[in-house]
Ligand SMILES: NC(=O)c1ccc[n+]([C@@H]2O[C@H](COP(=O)([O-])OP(=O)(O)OC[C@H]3O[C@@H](n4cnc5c(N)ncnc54)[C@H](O)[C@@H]3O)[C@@H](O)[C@H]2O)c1
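Listed next as structure tokens is one chain, alone, in the form predicted on its own.
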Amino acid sequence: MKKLRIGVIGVGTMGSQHAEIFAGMPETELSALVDLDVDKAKKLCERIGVKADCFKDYETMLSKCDIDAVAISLPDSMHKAPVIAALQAGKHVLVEKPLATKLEDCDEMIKFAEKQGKTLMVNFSHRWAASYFNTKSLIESGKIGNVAMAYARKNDTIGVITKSWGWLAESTPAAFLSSHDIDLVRWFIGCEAKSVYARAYAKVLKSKGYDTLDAVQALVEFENGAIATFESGWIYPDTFPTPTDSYIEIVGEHGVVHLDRKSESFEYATPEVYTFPKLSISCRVNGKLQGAFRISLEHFVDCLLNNKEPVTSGKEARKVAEIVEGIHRSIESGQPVSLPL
């Protein structure tokens, strides 16, 4: 069987995992890497033991490399241009969440994917985490009844944000953090949102020179009457024992589910640190990356090989982006916002 040839754009935290996983799949071949720091891309090739072409820009890769698909792992606001360029070049696309920070950008990318007849999948990898997948199965079984209410919290420590992400001012906690939770809660509830009311706090990061929000809380009402609160922020103190605090509660008509991703049953302490690493999304087993992140990439490959629609397609991701856009509009206006936009 001919292997799918994959190019990866951006080899940071997420992109390097894309590259390593695609390099090790029997169905795929890692053919090219793109990063402004070409030496970084070359060192990654050496580390994972592959010979891939390395480029500074994706335009050159798309014009010179015979590839079937690209995986894009760039800052939130930078997805549109490489996604459209790859689609125009006839490539399938997997892009990290969120699809875009502007709803009109989502629409343009989806339009190009349909025009070119190519797959556009957004990597909402949490759907493949065992705890979340089993929550969906539990809800579908009827054991907790219809979902009446949900609460989802995702907060990052301030050091991770300010030291690692130079694009901080181009996104918000709602776009970067809550997008995962919004996708999950939409999936759990099983219908679309009809209104959102949100408020935000914005002082800490502005005082440090970052023009973005510190924290957001949003109340979303769904078409079936279910309600959900989404909390996100990135000003936790660096003393917090994990870079991200993540928790979801699902209240059914006669049952409840608690999903505390902070611990995941593994914790350890040394003289330097007390922490509980997150293992369900990505972890190494016998030196090989495993977990929900890998399974989501396997789903992308399966869809390409078998001509299937990804469960987290561009159209699905747009519904998440629409709620995020509603959150931002509500923050700006101070009023509830009706959906769809």
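Numbers follow the displayed sequence, beginning with 1. A quick note: this is a predicted structure, and the numbers were derived from the prediction, not measured.
Unshown form predicted in complex with the ligand; subsequent notes refer to it.
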Residue-level contact is defined here as any heavy atom of the residue lying within 4.5 Å of the ligand in the predicted complex; does Phe176 satisfy this criterion?
yes
Are any of the heavy atoms in Asp105 no more than 4.5 Å from a heavy atom of the ligand in the predicted complex?
no
My question is simply whether Pro98 lines the interface with the ligand in the predicted complex - judged by any non-hydrogen atom within 4.5 Å.
yes
Answer yes if any heavy atom of Met78 is within 4.5 Å of a heavy atom of the ligand in the predicted complex; otherwise answer no.
yes
Pick the stretch from 145 to 153, 219 to 227, 118 to 126, 235 to 243 whose residues have a heavy atom within 4.5 Å of the ligand in the predicted complex.
118 to 126
Just give me the single entry in Ala321, Val11, Ile21, Ile327 that has a non-hydrogen atom within 4.5 angstroms of the ligand in the predicted complex.
Val11
Using heavy atoms only and a 4.5 Å cut-off, determine which of Thr135, Ser73, Thr212, Thr157 is in contact with the ligand in the predicted complex.
Ser73
Would the ligand in the predicted complex be within 4.5 angstroms of a non-hydrogen atom of every residue among Val34, Trp165 and His180?
yes
Taking the ligand in the predicted complex, which residues of 38 to 66 have any heavy atom within 4.5 Å of it?
Lys40, Lys56
